[in-house]
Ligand code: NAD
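What follows is a single chain, given as structure tokens, in the form predicted alone.
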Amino acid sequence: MTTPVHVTVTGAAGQIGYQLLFRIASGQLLGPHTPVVLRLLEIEPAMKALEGVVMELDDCAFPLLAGVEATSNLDVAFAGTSWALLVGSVPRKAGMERGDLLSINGGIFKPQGQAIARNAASDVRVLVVGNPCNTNCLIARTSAPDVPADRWFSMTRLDQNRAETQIAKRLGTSVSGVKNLAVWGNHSATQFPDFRNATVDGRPVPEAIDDEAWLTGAFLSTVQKRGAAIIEARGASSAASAANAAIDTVVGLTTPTPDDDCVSVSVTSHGEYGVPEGLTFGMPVRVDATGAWHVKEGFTRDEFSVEKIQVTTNELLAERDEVVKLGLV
């Protein structure tokens, strides 16, 4: 057994956190040979519920679970952590303006970024799951300027998984055959799941699915609005699928990527594909044999793709302008 890796999960007693913790403790996040210490952060009113979650973790007797620290203290939560999964956030409610949402979440993610800078391990990597995750990531990253920008990610893998499934179901094939599907931009209804550069069973998706109207219509709208559809159906937001996508993201960022595939994740833009620098923007990523990641080159764009990506870019620029105005970055 190796030295345990400390993993922080915020909002640990929430729906996504509850789905996530047991999978981390079982070895699905970092592999079957890496013990973990879970550092669980909650707000004070939720600490009683978190106590029950910790009891359940104990009762599972996970061989890889080397310890659990449950706390409402930011410095304790991020002490020595190598992976910080920022799950807890305040969702948008009816009648809430975007500025209100960003201001409230800024009060969460700015102090968390500062605490990461003060306390985390030197190899820390951060995945923001709590929405609006792209801009929450921007806030946290800006609050921790000494943590390199390439250590910060926000989650678009859930959108990738949703898109791959829709393509596979359309063709009646396995989802494992869908490759190289990037999701560009914001984890919101403006995101663009890029079917043009994707393949299914080795064939370009537009060739395998000879139905442009479906690809540019029902396919896009289904993926973009899937979260809202789930809320309408079950009366609550995505939890198990979001936790699954968080696991997939970390595995994708710690495992070499096959040449014919990519990992869809939001990263800090350095101008790749013309994306404005500094935005946390969904892009195709590849991890090489050394474990280093980079934005995958070679994706082509037609007029339709350019138009859709510009829409999501504009939304993220507007969010950035709003948090600048609020003094959060």
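Please read all numbers here as calculations on a predicted model, not as lab measurements. Note that residue numbering begins at 1 and tracks the sequence as displayed.
The same protein also exists as the form predicted in complex with the named molecule; that form is not shown, yet it is the one meant from here on.
- Note on the interface: of 166-174, 238-246, 202-210, 137-145, the segment with non-hydrogen atoms within 4.5 angstroms of the named molecule in the model of the complex is 238-246.
- Out of the listed residues Cys133, Leu181, Val126, Val250, Cys133 is the one that sits within 4.5 Å of the named molecule in the model of the complex by at least one heavy atom.
- Contact check for Ala84: every heavy atom lies farther than 4.5 Å from the named molecule in the model of the complex.
- In the model of the complex, the named molecule sits within 4.5 Å of a heavy atom belonging to Leu158.
- A residue is said to contact a partner when one of its heavy atoms sits within 4.5 Å of a partner heavy atom; Gln15 meets this definition for the named molecule in the model of the complex.
- Cys60 falls outside the set of residues with a heavy atom inside 4.5 Å of the named molecule in the model of the complex.
- With respect to the named molecule in the model of the complex, the three residues Arg196, Ser266 and Met283 uniformly fall beyond 4.5 angstroms at the level of their nearest heavy atom.
- Interface residues of 165-195, taken as those with a heavy atom within 4.5 Å of the named molecule in the model of the complex (partner not displayed), are limited to His187.
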